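Only one chain is given next, in C-alpha cells, and it is the form predicted on its own.
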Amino acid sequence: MNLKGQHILSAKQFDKELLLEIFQQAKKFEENGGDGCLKGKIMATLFCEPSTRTRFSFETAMLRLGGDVVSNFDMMNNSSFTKRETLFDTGKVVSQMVDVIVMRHPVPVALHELAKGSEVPVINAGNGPQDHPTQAMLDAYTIWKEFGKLDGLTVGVIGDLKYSRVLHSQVMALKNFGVKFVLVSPKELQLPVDLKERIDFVESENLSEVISEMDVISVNRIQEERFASKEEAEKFRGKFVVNNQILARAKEKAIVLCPLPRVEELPTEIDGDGRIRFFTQVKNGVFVRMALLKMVLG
C-alpha cells in the first residue's frame, strides 16, 4: 500500500500487510541506521498535551533521516490558538512551511479538523482518549521482533481500557493478526463496546487468575487527565499492579509492555525481570517512526 502523501490519523487505517511492510522497513533502519532520504524535508511537531517519548521519538526519527524539525510543545499557550485561530486555518498555515505535521491534541476531532486544512500529511501523535496509531505500531513491532510473529498470540490488556488511546489503537492493530485478547479492568473502565465487537476476547477483573494465559502483558496507567476529577480517578489506583508476586504466575517467555509513564501499576521492583520490554519499546519507536515518515514522505 502506498502511504505517500496520506494523513495517518487512526490505527484503523492499517491492515496486516501494511503493518508488516512497516516492520520490515523499521528493522532495516534498526540494523543499518538512517539513509538520509529526507534531507531537505521539514517536520512540524504541534503538541497541545505534554509528551516525552512521542515528541522526542518523532523528532529523533526525522533527524536520523536527514530532515529538520520545527517544534511547538505548548501549542495551547504559545500559538495563535490564543487568538482564536481555527484548527483548519492552523493546518492551512503550517502546511505552507513544512512537509509533514505531527500533532497531539486532547480533543479527538481536533486532528481531523487540522488535517482538513493541511496541504501536507498530518500524523496523529495522540488525540484525547481515542487513538494513538504510531504507539500501536511500535508496540506491535516490539512483539513481532520478540516472538517472530503476531498470529495466534494471547495478549493481556490491563488497566484503564476506557480512556487509554494507546490500548484502543493497540487492539485495533493487533486484531489484524488473529490475536486473542484477555481484557483486565474494573467494570467501570472496560474497553468500549465498538472495539469489543471487532475482537476475540475474554474479560476478567482478577489479574492473578488470568496472567498465566498471556504471551504479552500490556499494561497502562489510570488516565487521570481524562476523568471528571482527580478524586474520581483515585478510586481505581492500585487495582491492577504487576509486581514480582504477580509476575511469578506469568509465562517464562511472556513480555511486559507499557507505553509509559508508569506509576503504581509497574513498581520498580520488577525492573530486574528479564521479561520487561517497556524501555525497549522506546528505542523501537524511533525505528518505526522513521519507517512511517519515509513511507509518508516518499
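It should be emphasised that the depicted structure is a prediction, and the values quoted were computed from it without experimental measurement. So that there is no doubt, residue numbering starts at 1 and follows the sequence shown.
The same protein also exists as the form predicted together with N-carbamoyl-L-aspartate (NCD); that form is not shown, yet it is the one meant from here on.
**Q** Counting any non-hydrogen atom inside 4.5 Å, which residue from Ser118, Asn220, Ser185, Thr142 sits next to N-carbamoyl-L-aspartate (NCD) in the model of the complex?
**A** That would be Asn220.
**Q** Answer with one of Leu260, Leu63, Ala233, Ile246: the residue that has a non-hydrogen atom within 4.5 Å of N-carbamoyl-L-aspartate (NCD) in the model of the complex.
**A** Only one option qualifies, and that one is Leu260.
**Q** Pick the stretch from 267 to 275, 50 to 58, 33 to 41, 64 to 72 whose residues have a heavy atom within 4.5 Å of N-carbamoyl-L-aspartate (NCD) in the model of the complex.
**A** Stretch with heavy atoms near the partner: 50 to 58.
**Q** Does N-carbamoyl-L-aspartate (NCD) get within 4.5 angstroms of any non-hydrogen atom of Gln135 in the model of the complex?
**A** Answer yes; at least one heavy atom of Gln135 falls within 4.5 Å of N-carbamoyl-L-aspartate (NCD) in the model of the complex.
**Q** I'd like to know if Val166 sits close to N-carbamoyl-L-aspartate (NCD) in the model of the complex, meaning any non-hydrogen atom pair within 4.5 angstroms.
**A** So Val166 counts as contacting N-carbamoyl-L-aspartate (NCD).
**Q** Could you tell me if Arg104 has a non-hydrogen atom within 4.5 Å of N-carbamoyl-L-aspartate (NCD) in the model of the complex?
**A** Yes, Arg104 sits close enough to N-carbamoyl-L-aspartate (NCD) in the model of the complex that at least one of its heavy atoms falls within 4.5 Å.
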